[in-house]
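Presented as structure tokens, the chain that follows is alone, the form predicted on its own.
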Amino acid sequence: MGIEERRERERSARKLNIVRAARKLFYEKEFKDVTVAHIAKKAELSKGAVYLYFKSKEEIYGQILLSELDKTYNVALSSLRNEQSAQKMLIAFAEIYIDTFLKDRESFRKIMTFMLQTDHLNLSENLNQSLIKSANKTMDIVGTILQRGVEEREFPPNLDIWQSRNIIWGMLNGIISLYLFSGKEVSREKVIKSMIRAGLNHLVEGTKTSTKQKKAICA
């Protein structure tokens, strides 16, 4: 291994150490209560050393969020790797999404904080756009499933993919937010999955009913 390659590995390792230390702090405290000095202490580095790798705590926080969003996307992709109906694929996606955040509730909290309070985080425009793009990748999986359902004639041809995608996304995050941090631990997973499954079934059946009614009116 050459000297430059060794140095690059050391830089990567130190940067990862900073991110890991910051992640622990951001999970323990609110964003506003964490400083670069706190992160440096947790990473056992000087404050100046942290600034060699990151311009601000906002940039560190953004990198953590990007990592979480990319992880969610990669896990959720598995819902596309089957030959089930689009309706069952939507349920598979939802359950994968739920399981991801049941295992890491603080990750869900941080992602929701970004989506709902973007302006308060004071992220750079480039970083903010990267985060939005990353979040949209996961949302687009839902759109892909819906499109497949239309192509296979499981869903009506006039289904508004973009609107339906956003409705499902909002329902998922809304129900998870409602129950993830409240209620009985022993029944939490069952309640969340049951409600989301019912919501998806109602949505799918609603699109089919709407199409039948339109055909009846035109007949």
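Numbers for residues come from their place in the sequence shown, where the first is 1. Since the structure is predicted, the reported quantities are computational estimates derived from the model, not experimental observations.
If you look for the form predicted together with the DNA, you will not find it shown, but the lines that follow are about it.
- A heavy atom within 4.5 Å of the DNA in the predicted complex is found for one listed residue only; from Leu66, Leu159, Leu180, Leu45, this is Leu45.
- Although the partner is absent here, Asn173 sits far enough away that none of its heavy atoms falls within 4.5 Å of the DNA in the predicted complex.
- For the chain shown alone, Ser187 is not a contact residue for the DNA in the predicted complex, no non-hydrogen atom being within 4.5 angstroms.
- Not displayed here, the DNA is kept clear of Lys24 by more than 4.5 Å at the level of heavy atoms in the predicted complex.
- Of the heavy atoms in Glu154, none are within 4.5 Å of the DNA in the predicted complex.
- In plain terms, the part of the chain that comes close to the DNA in the predicted complex, with a heavy atom within 4.5 Å, is 49-57 out of 49-57, 162-170, 189-197, 146-154.
- Contacts between stretch 148-181 and the DNA, counted in the predicted complex as any heavy atom lying within 4.5 Å, involve no residue at all.
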